[in-house]
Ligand code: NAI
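In structure tokens, one chain follows: the form predicted on its own.
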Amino acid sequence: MGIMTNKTELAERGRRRIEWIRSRMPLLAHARQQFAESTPFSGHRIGMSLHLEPKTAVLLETLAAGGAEIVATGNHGSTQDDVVAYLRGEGMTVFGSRDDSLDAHHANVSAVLDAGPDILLDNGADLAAGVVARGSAASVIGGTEETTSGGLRLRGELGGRVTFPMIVINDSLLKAIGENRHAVGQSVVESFMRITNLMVPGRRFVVAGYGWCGRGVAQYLRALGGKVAVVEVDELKAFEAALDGYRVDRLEGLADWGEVFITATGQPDVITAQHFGLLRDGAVLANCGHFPWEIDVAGLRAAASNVHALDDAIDRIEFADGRHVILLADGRMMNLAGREPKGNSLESMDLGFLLQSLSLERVATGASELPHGAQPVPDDINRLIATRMLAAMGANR
């Protein structure tokens, strides 16, 4: 009885949180109404692997209103249990919990694929990779990919083997501006402040990566008084960062200068063993990229003489020479895997998830007209959503 009560209470907590989120996402509300009338997903099963938090729940409600059967799991370390409880109570098949190990997460992804979805809503290309590995691509008509990291996998590791269309949401300039630059920038800085309770003004920050997310993180840190340097391997992006007024250098040149290091590249092995001995005493390491591979956490722990968990999102890593560094959220995406995760702003995710919804609608109704493999969001969808977002903001043009 106690367990049932706890599950009921958990689902009720999720319902209350989602109700607030839903009330502030007018773009998805409009799409939900339209989908209920047109039912573009009728007869389709959508398999999802995406952060399971309140804003994602509103996205799933929108797809379900259009007739979709939902089979879903979250991403490692960012699942919110009250949201899962609520969605299960609404009849959706949802796998995963906050405390899942990486192996358990991989099993959850497999369980989604076992259900035989014909449309994928992917994040990091885990589902697409699973479909390719199983040789079951013929049963999938297409899907969407949320992230830069997933887009890189689709075009690299999985290039030429994805025999169905995958619309990469992160290729949209609309998402890059609205969600990646402004929303990720805001949420990462807010998460750093909330998790550590450290001040930003006057502190020295090193942002690794000057893509849209890195631009946003650097911009919001500087707006709050932080001293910001940028590490960027692409010459054109490094040039842009320099003209934007940031100090630009290699990581080795900034290791002793920086007090906080935030990775935002989407690539593996950004901060590795070659850098650990160069970091100043007390340096803080954090990641906001999708995969927990930008900081070599295993190598960091192996190089340590002692590791102390100071709380659920802060580890003190001590070295034999007397120095220590602080690791946030175990190297996972700090704004969704850290303490009391909030993620990106409601308005930005309303925009981003409308991109998801309309792109999935395009797949469901016209996959045969789309090329195979990774591709950008169709231009007409970008422009329609930009117009709706401007109207929602009360902007005239």
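Superpose the two forms; the largest set of C-alphas matching within 1.5 Å is the rigid core. Note that residue numbering follows the sequence shown and begins at 1. Owing to the predicted nature of the structure, the values given are computational and were not obtained by experimental measurement.
Below, we refer to the form predicted in complex with the ligand, which is not included among the displayed structures.
- When you look in the predicted bound form, the only residue of 180, 80, 191, 172 with a non-hydrogen atom within 4.5 Å of the ligand is 180.
- Interface residue among 264, 121, 286, 125, judged by heavy atoms within 4.5 Å of the ligand in the predicted bound form: 264.
- Note on the interface: of 105-113, 151-159, 318-326, 289-297, the segment with non-hydrogen atoms within 4.5 angstroms of the ligand in the predicted bound form is 289-297.
- Shown alone here, residue 209 lies within 4.5 Å of the ligand in the predicted bound form, counting heavy atoms only.
- When the ligand is considered in the predicted bound form, residue 214 lines it closely, a heavy atom lying within 4.5 Å.
- Taking the partner from elsewhere, residue 233 is found to have a heavy atom lying within 4.5 Å of the ligand in the predicted bound form.
- Interface membership of residue 87, defined by any non-hydrogen atom within 4.5 Å of the ligand in the predicted bound form, is ruled out.
- Taking the partner from elsewhere, every residue among 184, 335 and 344 has a non-hydrogen atom within 4.5 angstroms of the ligand in the predicted bound form.
- Shown in the overlay between the shown form and the other one, fitted on the rigid core, is a CA shift at residue 267 of 2 Å or greater.
- Residue displacement note: residue 129 has its CA displaced by under 2 Å between the shown form and the other one (rigid core superposed).
- After superposing the rigid core, the C-alpha of residue 290 moves by 2 Å or more between the shown form and the other one.
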